[in-house]
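Okay, so here's just one chain, in structure tokens, the form predicted alone.
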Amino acid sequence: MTFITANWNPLGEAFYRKSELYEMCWNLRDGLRDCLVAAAPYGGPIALLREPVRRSPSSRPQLEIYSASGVSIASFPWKSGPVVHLGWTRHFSMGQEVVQSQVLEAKVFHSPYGTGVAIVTGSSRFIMATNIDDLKLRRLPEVPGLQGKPSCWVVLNQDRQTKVLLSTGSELYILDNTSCTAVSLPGLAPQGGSIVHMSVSFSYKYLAVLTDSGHLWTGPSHLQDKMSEVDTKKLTPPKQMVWCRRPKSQQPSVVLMWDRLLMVVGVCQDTIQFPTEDQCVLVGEMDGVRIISSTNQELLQEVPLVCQEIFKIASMAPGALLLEAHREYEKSSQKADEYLREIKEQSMLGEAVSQCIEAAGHEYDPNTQKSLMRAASFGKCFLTDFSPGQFVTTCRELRVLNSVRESSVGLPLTHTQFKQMTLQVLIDRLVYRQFYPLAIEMCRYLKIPDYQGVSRVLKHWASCKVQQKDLSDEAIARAMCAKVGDSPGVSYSDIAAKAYECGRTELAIKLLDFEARSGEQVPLLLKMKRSQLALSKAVESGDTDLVYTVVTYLKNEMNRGDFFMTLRNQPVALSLYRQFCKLQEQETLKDLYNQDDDHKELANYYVTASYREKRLESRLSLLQSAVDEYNKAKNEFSAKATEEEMRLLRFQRKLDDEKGAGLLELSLQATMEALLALGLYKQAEQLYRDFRVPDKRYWWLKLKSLAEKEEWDELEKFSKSKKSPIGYLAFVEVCMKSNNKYEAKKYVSKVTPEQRVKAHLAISDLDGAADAAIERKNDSEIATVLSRCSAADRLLIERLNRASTAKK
């Protein structure tokens, strides 16, 4: 424990420690002098621009990107204008207004609304964008008397608004969207002097202000209160000033850096001073400050309270006792039992285990972590109701953190930062740095669902893989199939789209062969101008909507001849397109049939088209074309039927002209019915003979027509004209339907014996029906007559019963 506390420095009631994170892997000949440096928060990468001021036609500044451990990630010459500030954001542009203005200073900041940028222009105006993802530039009000850039300024977040706090000598102003307001620092000593430096905390809740007399004022950023004022006894402005505090901090502090001195100033008036041998850069984090030099990187932070309680000399905290008990247990000493008894007597064993687990999360050294976690494991063996969840989770998280803290990866995350950043963001960082095996192993170890973990990593890996120009298309496709396989959430079409964007069309087609969803394959194939392959894929899918999509695209992109030839090679697509044309594009359908020499379908088209014509001549012309095509197709039946249709139309037109009968467009049967209804019997007879209408149909038509008109004499004459092909029961039934029993009786005697019972029953002649049934000795007919008898027909019933008995 003495070793652990060796680098602790007291500051008020708390302690601060400086832990080495890395020996930097870079080789900077001149160190960090004459460099602009920007390190991303949460252990992010470092951007370094060498000699930004020295610009000549033959030499350009080199922008270099390193991991936090100094491993080179990228390097490229800076080809744009002079750089005034370096910061980490997404790619964006502030537009021509800013380009045309001279930028004196700039700051990148992070607010609840996103990453923002504020600049000071050559006209001493502030322009701000609070969220670069939704870029809206705001020109802030003018500052009275400001010439050039202010002596110092910071960006604040107050009352859900982003504001600028600036100093011009001893004057202090706050700029918001509409106003410039003069403010003062509560409790600042009169001898404070002009403000030369300002710094806002990582959370934007606290502000530190340094004056030219060396007084450091700290307080809340809303400027309503004062935390402390400390005389640093330094009259030269520091190169950097950064807040150093952690969540639930006991003793927040401000870190100031001069050429060879690092000073930690606490709100308790105490200070800690560290000599520095090299040019350094301070990077504020949510729970400390990273100190980057050309040789190493350190983390300065307040020692967490739980670590203080465990590791302080002579500490009697439960966690400290449990750690000591475990050490004695490993020595096989009975003192272990004494320490455990002491903890149990205070009923603090559960708290001791929790303290060790929590402290392990805050420690950076793996050996210290192991000691604490083993002590926690030792302690929970004596507890019956202790939930293992916290222990298991911390073990897993520490294993993850230790793996990403390795120098080869270079992500020096603390446990507090990891919790704030979330696991998903950490995986994203590994993916963007192309640490795919580590990211996949981490996802599997933490049992993250595939669509959030492994599949997402594989998708990014595949998108990068297709950009490797040194590998052949075949090799990349095989690697994709082997690695990705059927991983859920990975779309081969998305990977193929990336390959196509990179100019690798053949690779994109190979990758699309692995895509199971045709709906994803086809749009990309069309985009790549592989229309015939897209059509084949659409047909194979069995999705008619997809086929229609491709066909529509081909129709718009190809000339008509090529389009039709393409469809001829795909019968399914051709059939679907014909169905579409039948409903939407009749003329195109005709062209299709002509192209294919499909005489039968072309004839059918002419027949269908004839019904849409109003003029008889046009209709007959189309029907004649249909006859010609049917003959070419050797379809004699259809040709003859069409010719008869033409004859019928001409006959109807002739009668319409002569009699005004209104027969046009009626069917043959309807025409005959109309003629019979109009009394044009000769014309009806002519149609009957000319079109060889079956006798039974004609007799039925005329029978019904005469009965409906009640022309009974004509009906009787018609029945005697020749032997009825439909029999005479029909005459009886039609007469009875018209309620003419008298006429019906005339035809009963002509009915065949087999139907005579029905005829007598139709006219309600039970006696005649009984005679006919008895004469035929038919049980079924006798039973039918009996069913129609009532109680009053007792004699008839007896007669029928005797006849039935006698037959048996």
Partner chain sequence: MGDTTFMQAIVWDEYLTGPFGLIAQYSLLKEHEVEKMFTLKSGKLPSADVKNIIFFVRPRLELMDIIAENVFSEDKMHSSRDFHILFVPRRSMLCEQRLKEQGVLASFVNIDEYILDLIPYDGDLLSMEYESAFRECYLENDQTSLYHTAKGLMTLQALYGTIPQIYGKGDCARHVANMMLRMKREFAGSQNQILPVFDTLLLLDRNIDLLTPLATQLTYEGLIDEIYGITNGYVKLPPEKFAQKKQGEASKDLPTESKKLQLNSAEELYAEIRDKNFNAVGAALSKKAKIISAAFEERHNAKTVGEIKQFVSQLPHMQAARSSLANHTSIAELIKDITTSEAFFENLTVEQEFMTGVDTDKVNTYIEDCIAQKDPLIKILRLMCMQSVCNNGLKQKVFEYYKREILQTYGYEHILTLNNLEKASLLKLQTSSRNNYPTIRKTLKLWMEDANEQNPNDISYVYSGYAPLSVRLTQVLARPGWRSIEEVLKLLPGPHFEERQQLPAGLHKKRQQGENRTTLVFFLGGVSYAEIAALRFLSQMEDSGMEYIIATTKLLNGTTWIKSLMDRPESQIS
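Predicted model, so just to flag it, every value in this text is computed and none were measured. Positions refer to the first chain, counted from 1. Rigid core here is just the name for the largest C-alpha set that superposes within 1.5 Å across the two forms.
Keep in mind that the form predicted together with the partner chain is missing from the display, and what follows is about it.
Contact with the partner chain in the predicted bound form holds for none of L21, S213 and K226, as no heavy atom of theirs lies within 4.5 Å.
Only one listed stretch (163 to 171, 140 to 148, 376 to 384, 698 to 706) carries heavy atoms within 4.5 Å of the partner chain in the predicted bound form, and that stretch is 698 to 706. The partner chain is not drawn, but in the predicted bound form it has a heavy atom within 4.5 Å of R615. Among residues of the shown chain, K722 is not one whose heavy atoms approach the partner chain to within 4.5 Å in the predicted bound form. Proximity of R692 to the partner chain in the predicted bound form: non-hydrogen atoms within 4.5 Å are present. In the predicted bound form, at least one heavy atom of A641 sits within 4.5 Å of the partner chain. Screening E673, E358, D473, D176 for any heavy atom within 4.5 Å of the partner chain in the predicted bound form leaves a single hit, E673.
This chain is drawn without the partner chain; in the predicted bound form, the residue among P275, P77, P388, G542 with a heavy atom within 4.5 Å of it is G542. Along 601 to 615, a non-hydrogen atom within 4.5 Å of the partner chain in the predicted bound form is carried by E601, N604, V607, T608, Y611, R612, E613, K614, R615, in order along the sequence. The Cα position of L616 differs by 2 Å or more between the shown form and the other one after fitting on the rigid core. Comparing the forms between the shown form and the other one, the C-alpha position of K370 differs by less than 2 angstroms, with the core used for superposition. The two forms, fitted on the rigid core, differ between the shown form and the other one by less than 2 Å at the CA of Q308.
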